[in-house]
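A single chain comes next, written as structure tokens; it is the form predicted on its own.
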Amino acid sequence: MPQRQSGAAPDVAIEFIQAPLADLDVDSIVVAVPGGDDDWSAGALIADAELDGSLKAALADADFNGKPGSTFVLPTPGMLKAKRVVVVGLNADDASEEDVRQAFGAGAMAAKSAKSAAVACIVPEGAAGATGTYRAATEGFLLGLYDFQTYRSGDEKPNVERLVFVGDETADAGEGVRVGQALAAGVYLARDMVFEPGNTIYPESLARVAEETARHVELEYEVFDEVQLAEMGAGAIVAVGQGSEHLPRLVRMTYTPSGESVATVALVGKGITFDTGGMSLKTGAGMVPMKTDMAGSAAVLGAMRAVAELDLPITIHGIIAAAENMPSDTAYRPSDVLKAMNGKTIEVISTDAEGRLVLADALVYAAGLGSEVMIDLATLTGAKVVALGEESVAVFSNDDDLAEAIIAAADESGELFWHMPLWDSLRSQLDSEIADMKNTGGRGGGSITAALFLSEFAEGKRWAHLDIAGAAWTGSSKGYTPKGATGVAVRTLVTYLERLAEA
């Protein structure tokens, strides 16, 4: 079992201190500075004055450009208690929240590389206001510190243990930090789950993580095993999981607001804990990264972890459809016909198009809970990567307003989402001679036909499908996202829910 599953929170103590920089008992001080000599914030000017003007001189000599994500480290030999000042690029006057995230994420990485146990940050007021700016600074800093070390032998790499914000803890600033911590905790949990190998995360253990998380943050939860799923008529998810000794699970986590609920939303995650392709076996090289095929369920788990800390007036169901897709003498086969929970029949063309099958039953189940809006997430198609590249998320929906609201939340969260078409003219690619539909329509327009398949199980609800293939994992460190699992869509989902609550 994974070791950090319940809380999955960044182990960093955060506090506010109003004190001269020279008196701060920290290893590093992070200060935001624009490029050039103009428009320095009050905090940056104080830092330069404490260093007798050497900060401006050093930055000018280095041609520091001040772009978000850029850094410059200046030692402070005896001039301050802090050993160094970490300069991050940021024009405070017109900085977006994403600029702030990038800046303080880069600052966290630089401070960590310098083996700083305690770090002070001078956060300028910025265009986002105190709540938005401190939220973004907290998110960026904590997300930049993420490091999955569970299976490394030897001494654990040192990490930042204490974060000090220089200034008074106003109500707005404190609220920003609180929400930023909640979001970071959700992303940490999602990243942890995607990093875990298939021998530790399988349907039963993923369900246990969800149960432990629900207990930790006081969410309702329910877990259905393979027998209960068969009794419910969930023939698609049962078939996908029947080839493995680790049999499928369907998990429901529910956040209920303390007051009146203005909406009911379901977040539905594909949880293929390892995907061999089943009888339609993948190549060896293609199988290696398939522990990440449960990243949709990890995003749901992380989002539910985060919303539990926020007092949103929305009923939120987090649904995880978990199965391990393995070949064996009990596995489902190409040409099998399955019956989903809503009675629709599916001819299996490829057992490697299994994610849409588990989601089909999960969507029908979510609709039955009274959900007015359903959003599913899945590492679903290679066609999405071909169309939009690795980093982005494709958004399909039967409701343009819903799609645009999700994309607006992604823009606010600094994630790259794009609205894709759901063309009915391609639906014929799913026609079957012996069943209601096939489970794949072939290579052409593959991400669209996959979404069209899922739309058959939306049950008349407002529905969106997020194809996160490629975006769930990065091969290189970028901004506040270290190499590996990204935790994509956690913050976008939470931001969407926040904006829905405000509507």
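Treat the numbers as computed from the prediction; the structure is a model and nothing was measured. Numbering starts at 1 and follows the sequence shown.
Below, we turn to the form predicted together with a small molecule, even though it does not appear here.
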| item | value |
| --- | --- |
| Single option in 191, 356, 101, 249 placed near the small molecule in the predicted bound form, where near means a heavy atom within 4.5 Å | 356 |
| Answer option from 273, 297, 379, 138, heavy atom within 4.5 Å of the small molecule in the predicted bound form | 379 |
| Non-hydrogen atom within 4.5 Å of the small molecule in the predicted bound form for each of 282, 350 and 383 | yes |
| Segment that reaches the small molecule in the predicted bound form - one of 58 to 66, 24 to 32, 40 to 48, 467 to 475, heavy atoms within 4.5 Å | 467 to 475 |
| Touches the small molecule in the predicted bound form: residue 293 (any heavy atom, 4.5 Å) | yes |
